[in-house]
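What follows is a single chain, given as structure tokens, in the form predicted on its own.
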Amino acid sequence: MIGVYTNTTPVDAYRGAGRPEASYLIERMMETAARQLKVDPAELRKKNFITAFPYQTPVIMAYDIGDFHASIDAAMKAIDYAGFPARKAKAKASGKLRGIGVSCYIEACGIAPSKAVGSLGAGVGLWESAEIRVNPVGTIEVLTGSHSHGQGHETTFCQIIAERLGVPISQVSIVHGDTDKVQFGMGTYGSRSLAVGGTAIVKAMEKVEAKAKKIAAHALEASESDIVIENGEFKVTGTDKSIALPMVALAAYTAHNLPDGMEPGLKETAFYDPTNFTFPAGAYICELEVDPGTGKTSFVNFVAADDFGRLINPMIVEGQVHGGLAQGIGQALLEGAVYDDTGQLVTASFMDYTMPRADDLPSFQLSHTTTLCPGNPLGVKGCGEAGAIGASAAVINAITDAIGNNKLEMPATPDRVWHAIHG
């Protein structure tokens, strides 16, 4: 074992955690290949897309589903890809260098299944758990091992329950992060919260619904198979007979009239171990201008077309994409740890380290294509890291297209861009 003592900044996982680096390498290679072959970069990607699923990769994972052509077609339409040459010529007449850059990504997230990660040496299983408690007054508590640190679980998880039962979202509450209350859980990382944690919630909810239907059928003197749940009520199909959720819950806890042999209460737990990762994918296209006199880059347009499967809350998804794009653009243009000749860090504060701010970023045009993930009953895929994975390569591809020099390292500061232009 060799131990190294250093004053340089420690390295750890960042949004995307390895996928941005891999995607950047592949997408820069694709752009370079297109330029050397003198073919359109988007068309070269289309010719190399996987179209038959499931597709076994050379490593442990098998891509389950996707439509990569739909994503890149949506991005090309949004940015008017066909009209770019005319815009480039117009910019040149104004003394500006305009470029366009494409980046496609696919990622494996919703880390799972436990057997797969166990074969790779992981020391834990990567399941998730949930407990649903329907209280005697009909309010619902969801206990989850997926802890929120800004992703909006308090909204999305409540939506899943509220939509299934047809009750107001205010009737549902989420409990997470409290180890005095919550059962074991594996946490939030790798864009797994909804695909894994959300599915555990659905599995627990299915058990609650099954028991509640038995109680409702008994109370209404009907067949269990005739009970449907609508607008917070358990109804007998084809009749006007119904019983509201709070009355079913009260019956479960008073236990005065339950089916023979049924335990009182209305509380269920489920563990969910996924059968596969989820594989969100998408296409990003960046159009920008470079001032040849200063090397400064200005965005003209940035479009993102992602496939995240079913969207439970589109606003939250778009917020996740916005944040990821900001981080990917920050890496491409601005952020870098700089040391002087003595090893002193000169970007030691946010006054010096150029973290992206509002005026550094364009307005993003977001669109979504949809292939439902077959690996979980919600049909969802992870969305938290996508923007950071695909953005950097799109920006650098666009700058190198604008300046006509393919040799440019991140961060593409005005100084670096100016030297790349003028040699």
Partner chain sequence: MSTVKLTVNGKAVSVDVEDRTLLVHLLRENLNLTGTHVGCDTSQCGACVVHVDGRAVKSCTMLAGQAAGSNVTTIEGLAKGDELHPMQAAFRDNHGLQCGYCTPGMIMSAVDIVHRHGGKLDEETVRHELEGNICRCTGYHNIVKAVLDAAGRMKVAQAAE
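Everything numeric in this text was worked out from a predicted model, so none of it was measured. Numbering follows the first chain given and starts at 1.
Not pictured, yet referred to below: the form predicted in complex with its partner chain.
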Task: in the predicted complex, K38 touching its partner chain (heavy atom, 4.5 Å) - done: no
Open item on the list: Within 4.5 Å, heavy atoms only: does H149 come near its partner chain in the predicted complex?
Closed with: yes
Open item on the list: Using a 4.5 angstroms cut-off on non-hydrogen atoms, would D273 count as touching its partner chain in the predicted complex?
Closed with: no
TODO: Look up in the predicted complex whether D291 has a non-hydrogen atom within 4.5 angstroms of its partner chain, and give yes or no.
DONE: no
- [ ] Could you tell me which stretch in 221-229, 190-198, 308-316, 262-270 has residues with non-hydrogen atoms within 4.5 Å of its partner chain in the predicted complex?
- [x] 308-316
Task: Contacting member of G323, P246, G166, G118, with respect to its partner chain in the predicted complex [4.5 Å, heavy atom] - done: G323
TODO: State the residue from S363, N48, Q56, T51 whose non-hydrogen atoms include one within 4.5 Å of its partner chain in the predicted complex.
DONE: S363
TODO: Scan 166-195 and note down the residues that get a heavy atom within 4.5 Å of its partner chain in the predicted complex; none is a fine answer too.
DONE: none
